[in-house]
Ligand code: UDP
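The chain below stands alone and is given as structure tokens, in the form predicted alone.
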């Protein structure tokens, strides 16, 4: 079996990643490719927990700016992540993975509530655990939820799947001369304001010494290369 650098991972999967090039919703071809990447890593014996976002369905911050009360908008965003988690669960079942969804909001007719001990047991049994509804609290992003769940699951690393293959000196879509960082410290990421993720999530990872790798989920084989210790994306450490 291929040697792996990380035995247990927390994968932060944005809602935007699920919509691919579409304007909103879920692109099922993209979903299938992402699940195939996850399946390949699972076959290596890696324990996989996932925090999924909901920006492809509903963006709380934007809606709050458009007139909705922020708390209401955030709860709506949490429900969007549950919808994505259900779709992800079904896509995983189709390829033989055994997923389990746990929600920070109690919707027991649909998904089970978040219970740390049960989630860890699922991981040890080889099941993929999908965490939905963020932290269950308004004013906290799914990035922060991912950092929190990564620590609670004793993950070896947090992986943030994006549309860009790492962290750059500036936006590579705007500046063609932008260069990718191969490695950064959390303090550098915070002080340079590189927009990796929100400051709360970065600070949590830094304080608990949880490494972070930012990579492109659309780059074939990128997830497996990170797991096997290759140079992929940008590694952020203490």
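Positions refer to the first chain, counted from 1. Since this is a predicted model, take the numbers as computed values, not measurements.
The same protein also exists as the form predicted in complex with the named molecule; that form is not shown, yet it is the one meant from here on.
- Taking non-hydrogen atoms only, residue 137 approaches the named molecule to within 4.5 angstroms in the model of the complex.
- Using a 4.5 Å cutoff between non-hydrogen atoms, residue 150 does not count as a contact of the named molecule in the model of the complex.
- At least one heavy atom of residue 141 is located within 4.5 Å of the named molecule in the model of the complex.
- When contacts are judged by a 4.5 Å heavy atom cut-off, residue 128 does not count as touching the named molecule in the model of the complex.
- Annotated contact segment (heavy atom within 4.5 Å of the named molecule in the model of the complex): 68-76, selected among 109-117, 86-94, 151-159, 68-76.
- Contact residues in stretch 7-38 (any heavy atom within 4.5 Å of the named molecule, taken in the model of the complex) are 12, 14, 15, 16.
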